[in-house]
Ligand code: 4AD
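Just one chain follows, in the form predicted alone, and it is written as structure tokens.
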């Protein structure tokens, strides 16, 4: 009977067959311990020479790391570990023998591993990261549908920028001139809310910034959400609910993966509590008191974000920033028109910014003033202004970077491990 490794617990005492690859091997005289993987889990196969034919024992001896295999054996409970199972091997077939697999079970430099990313993905660590990534995607979809959002899809080719043209990739577009790879689907889902009320998109976006930090990619995945009749306070509530749902979902569904990654799960549990909130003004004062030289009107750097969260068990909202350093579409504060109703959500443990969000400007006259002030081509945004001309309503939205969330939940140091094949300013292959 062919089964998946993840289902071994249901077949204790039975003879089963698994198909996969050899992850690692060690021998102790007439006994071989073969660590097997099938993409769904890992299991130790135990081969005892005296209980096997000469042909099967020879295959167990000859098999090499990452050879593809088919193994039959009896499922047994591990003699010392709870909820861990083994396979007492009875038959062992090598489907394809891997010769000189380049990634050994030892330390390798990051450039070597990135050059061999297509093979590095097979490591237990990368397997765990990819499965956590999938769980975060599931959690986001689940939570947003619970909150009455539906998924829509925004175009990747766009005629204009969402947040400034300096961070766009330009591409020729047939006879229509130049198009740009999307940096956000926000403007398009703002149009969709007049149809469906609440919606989100979830897909790849592109930033042409020449960033070399541990938290930046050139191509990454973003979930942008937008909701009609939602103002600033409710927007923060939805964002907090999403992040806390992601934490709970991963703690419930990814215990094995987080254990492999040696993630401190107690810290994640503590993050599932009401978030801290500072206004931008309060954050600047606090940072100056903590030794930062940041000045009012400047954006927060990585060090500043780290200072604000270093003693916090929960993520931190920073809200109501100066409009001078924020995009044109953010709604001005009623109390102080030099500020906007927006927020950045900073993760704990050096996770950095997870979310950026804001209430959107719903007054067409104020929006057009901001478009002009930014030096943008009004004709390019005429359709966007139309949304305020025909049935404008208060509305808000936010975006969460998937790889940023994966990096925080997994605790990995560099974001390049949080996507299948990372694209950075210095890497386009494999």
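Computed from a predicted structure; not experimentally measured. Residue numbers count along the first chain shown, from 1.
Another form exists, predicted together with this ligand; not displayed. Remarks below refer to it.
Novice: Work out which of 220, 275, 101, 143 lies within 4.5 Å of this ligand in the predicted bound form, going by heavy atoms.
Specialist: The residue in contact is 220.
Novice: Out of 151, 253, 332, 216, which one falls within 4.5 Å of this ligand in the predicted bound form, going by heavy atoms?
Specialist: Looking at the other structure, the residue within range turns out to be 216.
Novice: Flag residue 415 as yes or no: does it have a non-hydrogen atom within 4.5 angstroms of any non-hydrogen atom of this ligand in the predicted bound form?
Specialist: Yes, residue 415 sits close enough to this ligand in the predicted bound form that at least one of its heavy atoms falls within 4.5 Å.
Novice: Determine whether any heavy atom of residue 401 comes within 4.5 Å of a heavy atom of this ligand in the predicted bound form, and answer yes or no.
Specialist: Flag for residue 401 set to yes.
Novice: Given that the partner is absent here, does residue 353 sit within 4.5 Å of this ligand in the predicted bound form, heavy atoms only?
Specialist: Contact check for residue 353: yes, within 4.5 Å of this ligand in the predicted bound form.
Novice: Even though the partner isn't displayed, in the predicted bound form is residue 186 close enough to this ligand, meaning a heavy atom within 4.5 Å?
Specialist: Yes.
Novice: Among 131 to 139, 292 to 300, 221 to 229, 90 to 98, which stretch has residues with heavy atoms no more than 4.5 Å from this ligand in the predicted bound form?
Specialist: Of the options given, it is 221 to 229.
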